[in-house]
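For reference, the chain that follows is the form predicted on its own, supplied as structure tokens.
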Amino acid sequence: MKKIMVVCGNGLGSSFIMELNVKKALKEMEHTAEVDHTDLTSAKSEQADIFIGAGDIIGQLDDGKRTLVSLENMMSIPEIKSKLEPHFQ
């Protein structure tokens, strides 16, 4: 099972909302994954198959090894689905 880490600056409000939206998107796509959320600093030491977050935040995790998914609209279920779907094929 894939692990998806949702990341925001503080790991509280927006990443929690994105976590809920990622779970909803996964359910609509009929995929399963372990989904959790955290702040940017903690995310640097976390292990996950996919890190997802707003574009201005997620780029700061780019170390050339992580799989990053950048969102323009973190509330958009269609955008989340379109960007996660390739990682489940």
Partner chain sequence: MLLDERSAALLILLQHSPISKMSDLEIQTGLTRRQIQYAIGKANDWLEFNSYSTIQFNRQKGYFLTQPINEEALNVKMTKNTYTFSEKERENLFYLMILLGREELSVYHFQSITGLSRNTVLTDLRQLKKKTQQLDLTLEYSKQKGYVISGDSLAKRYAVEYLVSEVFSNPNNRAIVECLWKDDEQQIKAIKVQLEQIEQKLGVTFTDERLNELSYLFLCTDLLIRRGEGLQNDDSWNQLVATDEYRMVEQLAETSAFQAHWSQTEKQYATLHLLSMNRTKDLSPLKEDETIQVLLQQIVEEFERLAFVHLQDKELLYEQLYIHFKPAYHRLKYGLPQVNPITGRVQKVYPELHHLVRKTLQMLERKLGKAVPEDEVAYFTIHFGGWLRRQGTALDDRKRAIVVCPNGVGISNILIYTLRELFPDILFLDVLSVRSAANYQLPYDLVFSTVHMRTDALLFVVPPILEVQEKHLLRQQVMQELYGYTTGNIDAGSLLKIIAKYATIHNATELETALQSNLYSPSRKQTKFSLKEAEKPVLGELLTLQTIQLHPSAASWQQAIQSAAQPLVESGTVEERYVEAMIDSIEANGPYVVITPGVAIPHARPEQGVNSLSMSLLKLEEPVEFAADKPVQLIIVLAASDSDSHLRALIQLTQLLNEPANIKRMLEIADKTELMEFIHENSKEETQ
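What you see is a predicted model; the values in this text were computed from it and never measured. Positions refer to the first chain, counted from 1.
Keep in mind that the form predicted in complex with its partner chain is not shown, yet the notes after this line are about it.
**Q** Counting any non-hydrogen atom inside 4.5 Å, which residue from I57, V35, L26, I50 sits next to its partner chain in the predicted bound form?
**A** The residue from I57, V35, L26, I50 that makes the contact is I57.
**Q** With the cut-off set at 4.5 Å between non-hydrogen atoms, does S70 touch its partner chain in the predicted bound form?
**A** Contact with its partner chain, no.
**Q** Can you tell me if L40 lies within 4.5 angstroms of its partner chain in the predicted bound form, counting non-hydrogen atoms only?
**A** So L40 counts as contacting its partner chain.
**Q** Indicate whether its partner chain has at least one heavy atom within 4.5 Å of a heavy atom of I4 in the predicted bound form.
**A** Result no; I4 lies far from its partner chain in the predicted bound form.
**Q** How about C8 - does it come within 4.5 Å of its partner chain in the predicted bound form, if we only consider non-hydrogen atoms?
**A** Result yes; C8 sits at the interface with its partner chain in the predicted bound form.
**Q** Within 4.5 Å of its partner chain in the predicted bound form, counting any non-hydrogen atom, which residues from 61-84 show up?
**A** Contacts from 61-84: E72, N73, M74, M75, I77.
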